[in-house]
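In structure tokens, one chain follows: the form predicted on its own.
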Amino acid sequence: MEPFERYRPIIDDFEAFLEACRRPLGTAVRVNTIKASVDRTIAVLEETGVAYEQADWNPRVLTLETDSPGSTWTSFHGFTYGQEEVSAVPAGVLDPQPGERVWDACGAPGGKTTQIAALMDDQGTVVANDNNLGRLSALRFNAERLGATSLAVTNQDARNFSMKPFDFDSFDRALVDAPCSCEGTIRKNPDALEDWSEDHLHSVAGIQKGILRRAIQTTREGGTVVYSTCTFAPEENEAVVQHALETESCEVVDFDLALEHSSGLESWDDEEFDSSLENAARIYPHQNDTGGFFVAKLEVTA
């Protein structure tokens, strides 16, 4: 937990934060409404004897009293998908609508991609991209199991993503759930900090900046881009969004989030950020008994 000491000045109730990081994470799933409604899924869970608790902030998110969510009847039939509770936030903030064109820049293994498809009632086009060909097999498997038919899968470096394969030149919305240092996954991955270093933070931030810039460039004017990570590092969060504000035509906008969270930072060490970054959300493990996440919503401008 030593690397987390750098966050003591920015996290309220820091000791509660550390205590939460040491606790194992509960088992959460997302109801896949392409296959079944929330009510039908809950009825099946009750019939098969799987206890559950429904999240207050999102009726499609359930915490199950089982160590094997993938072995349940609902999972086998594609009614549920194992997805950490806070991981369901970015797609909800993106708010994709049926019939739209949406890019998931870092789509594998498909949790958020299939969530986007479900929010769109599987109507429209969801382009799921990943630069790792091996991980795309998992994405394809999950899309088939969950019945998501609106997907097109691409294998490109998102920083240089080409629109040439498509008969349109821009997306309505884009999600950049960027590869990161994964500090916020410490509760389910106790080894998350083993290779931690500030050099690594700056290295991965360079990749994140490139992906976010390309997402803005490929999204139409007035469209929405959501940037998210499962880490606490400002170098990978506010600093990346700040870079986008300085290099692309976009602005950070506010959004509603029923989960308890903290505002984005307006400064870190000697670096100052645009005041609009206060509209971003930092979700810490002790606030909702979840993992950690950062989410910022941007609108593409002229």
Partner chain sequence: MAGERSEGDDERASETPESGELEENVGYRFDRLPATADERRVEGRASREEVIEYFHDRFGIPPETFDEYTFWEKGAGKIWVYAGEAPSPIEIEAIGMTCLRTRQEHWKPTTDAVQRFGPYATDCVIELSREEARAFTDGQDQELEWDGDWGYLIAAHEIGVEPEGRPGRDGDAVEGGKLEPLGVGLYVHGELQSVVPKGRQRSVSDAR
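Numbering follows the first chain given and starts at 1. Computed from a predicted model, the values in this text were never measured in an experiment.
The discussion below concerns the form predicted together with its partner chain, not included here.
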{"item": "Among the candidates G124, P190, G82, G210, the residue which, in the predicted complex, approaches its partner chain to within 4.5 Å (heavy atoms)", "value": "G124"}
{"item": "Answer option from T72, S87, N131, T231, heavy atom within 4.5 Å of its partner chain in the predicted complex", "value": "T72"}
{"item": "Per-stretch contact check against its partner chain in the predicted complex, the hit in 22-30, 40-48, 260-268, 273-281 (non-hydrogen atom, 4.5 angstroms)", "value": "40-48"}
{"item": "Non-hydrogen atom contact S203 with its partner chain in the predicted complex at 4.5 angstroms", "value": "no"}
{"item": "Contact of R214 with its partner chain in the predicted complex (heavy atom, 4.5 Å)", "value": "no"}
{"item": "Proximity of A55 to its partner chain in the predicted complex, heavy atoms at 4.5 Å", "value": "no"}
{"item": "V93: touches its partner chain in the predicted complex, heavy atom cutoff 4.5 angstroms", "value": "no"}
{"item": "Neighbours of its partner chain in the predicted complex among 120-153 [non-hydrogen atom within 4.5 angstroms]", "value": "D122, G124, T125, L133, L136, R140, F141, E144, R145, G147, A148, T149, S150, L151, A152, V153"}
